[in-house]
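There is one chain below, alone, in structure tokens, taken in the form predicted on its own.
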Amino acid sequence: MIPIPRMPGLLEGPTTQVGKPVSRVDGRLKVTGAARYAGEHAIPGLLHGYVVSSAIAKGRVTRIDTGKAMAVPGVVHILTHENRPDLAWLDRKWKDQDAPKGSPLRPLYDANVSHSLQPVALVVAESFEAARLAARLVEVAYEAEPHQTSLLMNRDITFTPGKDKGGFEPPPAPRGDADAALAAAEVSVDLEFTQAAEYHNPIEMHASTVEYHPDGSLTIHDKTQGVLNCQSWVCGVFNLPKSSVRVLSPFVGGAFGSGLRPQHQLFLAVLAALALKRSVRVELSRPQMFSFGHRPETWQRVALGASRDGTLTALVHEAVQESSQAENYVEIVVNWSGQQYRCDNVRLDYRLSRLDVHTPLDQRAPGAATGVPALEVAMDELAWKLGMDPIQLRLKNYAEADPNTGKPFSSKELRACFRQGAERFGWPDHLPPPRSMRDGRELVGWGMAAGVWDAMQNPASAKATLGANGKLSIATASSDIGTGTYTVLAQVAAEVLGLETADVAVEIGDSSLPQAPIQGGSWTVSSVGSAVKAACDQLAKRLHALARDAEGSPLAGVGSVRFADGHVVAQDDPSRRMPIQQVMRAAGLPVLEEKALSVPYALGRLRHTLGTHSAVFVEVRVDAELGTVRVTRVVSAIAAGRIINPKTAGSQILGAVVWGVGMALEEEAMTDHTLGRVMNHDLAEYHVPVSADIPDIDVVFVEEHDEVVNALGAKGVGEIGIVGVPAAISNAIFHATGVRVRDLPITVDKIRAGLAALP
């Protein structure tokens, strides 16, 4: 291993705030209704827009008749491609920070229709009800063209993408000869998997409220994961200076990737506000939430070869995912298979298929939640074929270094995840045979799987302002999409300066604040938290200098200090201390302010693979006659570096496990391919887990120390909690029933068909 120098400023020793299970500092605002979301701001004279969505999947609009709609009392204007103001022409003007290669959608740009539910008009009225009524009266005629919306019907027409999206790395070159090794393997499995498209359905639907000011400037309240991304995108599309556009998003009712790119309601609201010189709000309905990006439909093949002692000798992982006709949306689906286990012969292949759909979009743990479960089900099948315990097979092929690159992991406590998760679950040394555990009419099964996700970091800035009253405020343009960002940033700041979390106010979700990346990828604590720490470290240095130089100071000449209980304290003599407020009064300073930029530790990241890891254990009960599945126990053991707040981090894992249950058993966009239209575009028919579906979930955070990942040693937990769950459930269903279903979601009809086919 290449030695890496210790990073300066790493949090060390016992902590007072970091590591505490602090309740959300914004919780009271949310439960009392004081928190205002994008569609809840009361603006005088506000107009309301309602989207008219296309009824075809591909073709052209040949006529739009707005006469009946305009006759509705309160209707002010109807925007279409025929009367919209001039817009940016170049593709680069329409690209945002998360855009893949290609041409982004331009709503109302021309008569062309590229996917079902594409916006073709916007009705603007004095009330939401009038706009919605009038939208139903807009008559649109189309010239439909043949479309293709089925991946499985189009799987042979593919292409290999390049680095077509930020963060995407094409699969590494093959190592060894996987196909020959597979053919020669003593034991092998060769399996195909499919996964249905899934759509974003957070509690808060997408909305944008645009305040139009007399000077022509805009204040935009948007449901987004990146206020700076929205600001730069609006300025590019509408040719506006950044000084005239401010985007606010202090509260987000869930996003999970849906807010990474500006959605079309933002464009339409700004378009209408500028055209009418009035404030406008546009909200999407629940069915219209199915009109934009989604987790793409996927076909995969995983083939494993092994010797009889369980040593992997061959690994093949191929995937085909859908993308749109206009953009190359890519995910890291197969690369994880080359990293997860030690194997000398590996071939990974990833391709795209163009369909007449909206460009897919990142959805919680994009790529990993798709590709890792396929690998983990294949590993389970191989374990049963070998007669090995599933954990032992994984330990037999445990990768101490990244097989894809040869680099060491900055830290990897997956062994501890296996051990502690198994202990908590009660996993036996040897699982009983499939279909051997029964309770009345229910078949009982146990399954497990491993998970992996990157530990990423992006440049971020933060400003720390300390008042003479000892209160600290933190400002950064980051978002809080429900992850607890307000709380953990307050904890990090309080830790550095020896304050209570309650003494720290955090301001986020404002494009006028210091730069921060879009919130996604589990990188917010790593990125923004590091910036907050850096800014507070700078404040600490100034306070030390002021305390040392103050007249009559007990800290005169003290070279090393720490901060505790609102005091500057001599490191070697705790009796020599000075209150922070006294330090500032002595210096005659009403306020101290520092701004810092944090960037990833480039050398450490170049020399290491950084990731989070998990082991998930699940118990299911399957009704032997009905085929219904109940998930009755879940243990999720997580290794994600330093856990800043086990309460909010635990909530992230709980939510991710619930989502994994949905992936495994419920979530599925059912498309009528004759119409090219998702038919179950509501929460009555598009099923997601409800409270009755979810058992108690036991979260175990494994201790993991990492000096390379960032100054905090924290990796982030937003994605890792979902990655292994679908596979663990699938493996448990097999153990319960003897039936393998490799087509997600695993629904009752598929289980019943499998049970009927058993001898």
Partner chain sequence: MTHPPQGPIPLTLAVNGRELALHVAPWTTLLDLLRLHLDLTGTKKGCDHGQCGACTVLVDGTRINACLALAVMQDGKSVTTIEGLSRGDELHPLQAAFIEHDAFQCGYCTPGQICSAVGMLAEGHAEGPDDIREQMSGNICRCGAYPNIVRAIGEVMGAGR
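Residue numbers count along the first chain shown, from 1. All values reported here derive from a predicted model rather than from experimental measurement.
There is also a form predicted together with the partner chain; it is not shown, and the following applies to it.
Among residues of the shown chain, P403 is not one whose heavy atoms approach the partner chain to within 4.5 Å in the model of the complex. Within this chain, G45 is remote from the site of the partner chain in the model of the complex, having no heavy atom within 4.5 Å. Although the partner is absent here, N201 lies within 4.5 Å of the partner chain in the model of the complex, judged by heavy atoms. By the criterion of a heavy atom within 4.5 Å, R281 is counted among the residues contacting the partner chain in the model of the complex. Shown without its partner, this chain lists E593, D682, D349, D344 as candidates; in the model of the complex, only D682 has a non-hydrogen atom within 4.5 angstroms of the partner chain.
Checked against the partner chain in the model of the complex, the candidates L654, A416, L513, A624 yield a single residue with a heavy atom inside 4.5 Å, and that residue is L654. Heavy atoms within 4.5 Å of the partner chain in the model of the complex belong, among the stretches 141-149, 529-537, 245-253, 488-496, to residues of 245-253. In sequence order, R24, G27, R28, K30, V31, T32, G33, A35, R36, Y37, G39, E40, A42, H48 are the residues of 24-61 having a heavy atom within 4.5 Å of the partner chain in the model of the complex; the partner itself is omitted from this view.
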